[in-house]
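Next up, structure tokens for two forms of one chain, structure 1 and then structure 2.
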Structure 1
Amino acid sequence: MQKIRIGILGYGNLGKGVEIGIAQNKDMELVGVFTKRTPDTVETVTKDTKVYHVDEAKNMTDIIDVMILCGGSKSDIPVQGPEFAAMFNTVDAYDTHAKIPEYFDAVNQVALQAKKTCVIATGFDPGLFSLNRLYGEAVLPEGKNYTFWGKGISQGHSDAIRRVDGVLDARQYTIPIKEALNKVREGEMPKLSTRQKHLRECFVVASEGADLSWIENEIKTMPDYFRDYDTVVHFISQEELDREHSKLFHGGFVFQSGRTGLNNENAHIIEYSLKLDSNPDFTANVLLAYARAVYRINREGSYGAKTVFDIAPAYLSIKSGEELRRTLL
């Protein structure tokens, strides 16, 4: 079996998850991790993993089939996506929903010129939840779609808080509001604002002498992340954060509530849910499935940026078409 050669750009929780996940995908092998840090200071999960400075990536385009971008969505991926699309087929977990169209255009322009294939914005949401929203709307056009996240730790939102001046570390919990969730599950099809669906709770470690009021305001007014939500900010010690908030669990629900029949007399609810012990491990495995798809699609000569909407499910699986028809259809 010819193995898909994977590179990992960025080595936080998501990068570690990709490194671990490759071992469960028999058609893949890891070339190495690429980091902005001094490579000798990076301790990898697997002792044999090679670590390179990010500047070395441009010299390794011939031995990497897919580069998986594992940086943060706030400031890493918007720059790295177009930059690396000029050199590699890529997959990323960009999750700033409001800016996906402009990010897609930036990556697409570069990837088309370079004849590379790049899947953007995949994971569990955007990603798998996006597909379920599409399926729900397509099957029940007379209806409403709802997405609830959590309760769980959002990696992207936690990363955004950590980039605020004076913040040393942070965890952000996304919490569905039960009253809204129950109304949807009961088929009421309520009209819900962003604020009515979720609460955001933040646990923040600030540097000594930092202006806590200023930090709290910066978090609560941050566009695309917190401004449209009721947000609670707690300032705690690093010890308490490490002790009480080290688990990176997450999950959520996608609903399509709709009606059919001559007089809309038949009610239907589609519910898809995820419950994840480790958000980064799960997201990493979604990225790897799409890395397989990227590799295959690029070899077929289809270039440019792609989203989960553009990729047939069969491309994700290690199984052949015959195996899929026999075992899963």
Structure 2
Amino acid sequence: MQKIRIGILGYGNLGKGVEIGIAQNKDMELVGVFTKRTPDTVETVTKDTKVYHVDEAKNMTDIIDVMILCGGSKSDIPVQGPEFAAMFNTVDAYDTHAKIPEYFDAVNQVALQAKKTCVIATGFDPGLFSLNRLYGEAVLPEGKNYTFWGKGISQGHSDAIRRVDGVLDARQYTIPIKEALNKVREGEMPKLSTRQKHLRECFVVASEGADLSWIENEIKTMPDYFRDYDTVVHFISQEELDREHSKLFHGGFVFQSGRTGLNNENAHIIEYSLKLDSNPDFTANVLLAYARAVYRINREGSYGAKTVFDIAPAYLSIKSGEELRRTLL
């Protein structure tokens, strides 16, 4: 069997997760990691992993089947997505929900021209959560959809706190509110405000002599990030932060609560949940499953940008159609 040859672009937590995850997929092999740093300075998790400068990628288009983009959604992916779609089949975890439509169009245009296949915005959310929102809505159209995130670290909110004057470091946990979860689970179809769905808990390291109550107020009143939520702020030492709050666990819930029957007399609840010790590891594994899909779909001659909505589930599995019908249907 010819293995699917994977490249990793960007080598942070997500890139490392992909590197490790490849070993779980017998039909894949890693060609190498591509980085903006000096390759010699990059220490990989697995000793044999080759590290290349990102500029070398363009000379390796014939030995890489799928390039997995593991950079950040803020500045890396919006540029790298279209750039690499001109040379490779790609998969990414772009997660700036509001900008997905324009990003999709940018990648799609390039990929169609280059006859490449690119799955954008997959992982946990967007990704598996999006799938569950779609399946839920499709089978229970008279219903309501609810997404809760956490408990887990939000990188974006942690970064926002770090930008406050006098803050040295911070971690922010997004916590779904149990009462809200339970109301949804019981089929009550509640209307929930932003504040009623999630609590934000912050662990903050302040510089010596900083005005803590000023910092706390700055955080709690920050628009978009915190103002519409109940927010709890704890000041702790860097030591405690590193010791107690370094795990990148995450999770969440997608519900579809719907009704059927001539008089809407029958209630139905679909609940999907994730409990993840490592968000980057899990996301990496999702990217790999979609790398398999991208490889196959490209060989079938279907090009352009795709999302999880466009990929038939069978493409994600190492099993054949016959085996899937026999063992999983």
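Keep in mind that this is a model prediction, so the values were computed, not measured. All residue numbers here refer to structure 1's sequence, counted from 1. Rigid core (definition): largest C-alpha set, two forms, superposition within 1.5 Å.
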Next item on the list: Only one of the two shown forms is the form predicted in complex with a further copy of the same chain, so please name it by number.
Entry: 2
Next item on the list: Please indicate which of 191, 223, 59, 246 marks the hinge of the motion between structure 1 and structure 2, where one rigid part turns against the other.
Entry: 246
Check: How big is the turn of the smaller rigid part relative to the larger between structure 1 and structure 2, in degrees?
Finding: 24
Check: Upon rigid core superposition, what is the positional shift of the Cα of residue 163 between structure 1 and structure 2, expressed in Å to one decimal?
Finding: 8.5
Notebook entry, point to check: residue 177: how far does its C-alpha move between structure 1 and structure 2, core aligned, in angstrom?
Noted result: 2.7
